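Structure 1 and structure 2 below are two forms of the same protein chain, each written out on its own as structure tokens.
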Structure 1
């Protein structure tokens, strides 16, 4: 009884803190500030809901661990939409679904605590968190797709005095660019030279062309000669891409995500310049007249309008997440999970059918051998391999040089194994080195055990096989010679530091490498070999002859090139 009384008192105190003292007479809804949490992508999302006179007057995300850049739009727009429409039936933001759901869930709990009829608030017409503008319009240039390539092009055009419209089909911009993990390909920058990592650009290009004769050496040269300028341009906007990793790679100063840094910086510039960026606006058809491209038809919240423009830039990204496009262009890979953005569905290739554009090398892709799928989310566990992890199959045996640099070949070896996944194994020494891996561990992705036998049991593989595998690998680490599979790089984990970790992994699709054929100024080229003067393709959707050799650099350098070509007309 005493216990019950204590509970009642405690509840009263909580309610007072929450502010239930001011309850309008004709409602069960109490004024106050209510704080609730729900699980997002990376952890709890804490939301404050403020209620006054039976109205929601403020919803705010006050604490979260969601990925900066990717989560920005839902964190701002969903709370605003709840307040504006007094509704919980807000559409989630594509590409940030888990964050959106967490905000809605936490807000619902808060509103429930305040006494709202949350079922009624969910039983309304769906509200788009991002608004549309549905009228035909004329501008100088329309850029389709607000990833790295589209944003760079739009920024440079706006700075050059153009009236530019940037359309993005998702409710947030950034595309696959925001997922770019680590390195910006650049050669012979000051950062590299100072670290003793200088390399002649011609030497690098010769090496690339020797590996793939279809490479376009001229476009490589243009890109690499302007790399330093592109890195400094990004850094002037706020990125800190200044850490040389190798003769051809630079990364962010603190090792944080390259893509998030780039998108954040470009976003700030888009905002500063007040670029007309239209989110939730999907390009559905190129408008042509007498064989001339005149603009693009777009859809926004079930309404269609046309943007007429002198120049049209397609920057719609690749098609790693587009089942239909994969079946059409690269069926061999259609069943693999995608680590790319939800918007990478190959829309650009549909658009250019209207002008009979040539599509080149469409079946060439870059696979990621380290994809872990959990609750429908595909995450790249490449850090586990980068820290020296080994791979074993469901028999508990290594099956190849698991640090093989060609990911497509490595992925094919993985696909030859029994079952639908293999495991990457690391020990505590590797876990200690990587914040990213620790984050995945916190999310429960790893199987963990104090002994190899126990690990084998939890993985469901034969313990004697796994023990023998580890013993053989320990010898390879000790001698530096992997007699079984000839792995010579990153033989760093000797599996002596418990606990031991395993994470299931399978190959996934990361980047598509073919695309719309373009000339050296990124004009779209038709099947008949004619370059269309006012139609451009840039970024992952374009086949610029680099085969995705430097994706984020291609976005910036070739995006600027497109803008220069347009401004010089």
Structure 2
């Protein structure tokens, strides 16, 4: 992200003193420390700007509520760039645009208070370095995409003694895994059995296949039989995924974001092992020779080169945030908001066209029934449902099994209701369990009231209807039988602990469920049905037959499986 200046702005200074600030000669710029705030993705971002001798000598983000991992790069790099270039014409970081803009806006306010001509600083050009050809490199395996699947694969390969290079087009790692909100899909773990939530793996698989006959039961079995091992592997890295929510869900101990915990742990292991991770490096083309895949051509900010490798692993994610890919593969959903990662634009599907790979079920997506939009930011409030929340329409009535496991079906039920949104309701007992929900509360997402009647008034729904809805649901919790809609899972909130909370929600795009066809070892399969021995796809970009039934688990378990296959060659 470092850029070279074509010239340095010469400043003339006038010596004046105002208050406790010193003014250099011939300027209206005052030395001092200026603190300003601007709205970020999750709340205010507070920035300090320090000025001395008419120059910016320090810019620092001193307080924020932005998402860990995703916001780390702009929080470090944008202040550095402002100081280095004495300019506000700094590029935002893809995938963290709102955070980037908030830092720049707050810095601008601080510089304005100091007396700088901020318009001049916003127009001050920073020279782009010219792209050049760099030396090609050779490694054992190149992994494309540093989300959960890519990082897991790279970690296991490095531990196995391989020379592995991990490339990521974004300026930060984590991908869509960073946004995994609530739970890890696993069945019959010790945590669940001890909580009385044990369930046979075969029973769970049979239920999944009965709902979607296109599912691959063998891959489900491989995944679930290794789930506990994957959870414990993550916990050995510090994630604390040990709180059972249901027969198929395990969450973090304190209710904090699952994805943030996983990415933090994986990133620490990447650093500990000194994995060669190259951020802001985009894979643009598979390199083939005599029908064999030999490597991948990449572009970093200022150079292009080829990474030659014995094995290539594609872990580039789906395309829920890629407008062009959505229009090509799933146009029905192209206008919905996305809660997926900004980098989920379908790059991997373009790469494998060079080897005539088969793409399967590309029009199948999963909708997110818990999207809350605030100030142009789309956030997943699935934690409210995971902690036992119920959904009501604008009449104050439940309208479905609000814990139905098929999110797309649930979203379609929501879309049948009057108005453009519905509400998720919880009480204080759920809020106390989830740090993620507490964070959303601090951001002002929730309507809060001490009584159900007051909550109804603030929501704009009939109080009589909402009161009757709560009373019926309280009976369902007490008896364990939801006679209205047949909900049987997570009947935990009895709405006896005030205050009560409501948050507006509507459907959005969560993940895409089709992808590059793979075999049981995650080798890419061609349209002719041949598996390519040294080319793998894993994670959301792969069609592994599970249709996104356990995305975070698939990233970890199948990432480890890919590494095992490569190491066993």
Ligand SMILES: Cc1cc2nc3c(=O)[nH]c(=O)nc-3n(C[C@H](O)[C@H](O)[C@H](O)COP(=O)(O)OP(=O)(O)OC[C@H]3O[C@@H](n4cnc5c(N)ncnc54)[C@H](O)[C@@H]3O)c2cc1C
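Basically, rigid core = biggest C-alpha set you can superpose within 1.5 Å across the two forms. Everything numeric here is computed off the predicted structure, so don't read it as measured data. Positions refer to the first chain, counted from 1.
- In this pair, structure 2 matches the form predicted on its own, whereas the other structure does not.
- Once both forms are overlaid on the rigid core, the distance between the two CA positions of residue 48 between the two structures is 2 angstroms or more.
- Once both forms are overlaid on the rigid core, the distance between the two CA positions of residue 518 between the two structures is under 2 angstroms.
- The two forms, fitted on the rigid core, differ between the two structures by less than 2 Å at the CA of residue 291.
- Taking the core as reference, the Cα of residue 435 moves 5.5 angstrom between the two structures.
- Taking the core as reference, the C-alpha deviation of residue 471 between the two structures is 11.6 Å.
- For residue 98, the displacement of the CA atom between the two structures, after superposition on the rigid core, amounts to 2.7 Å.
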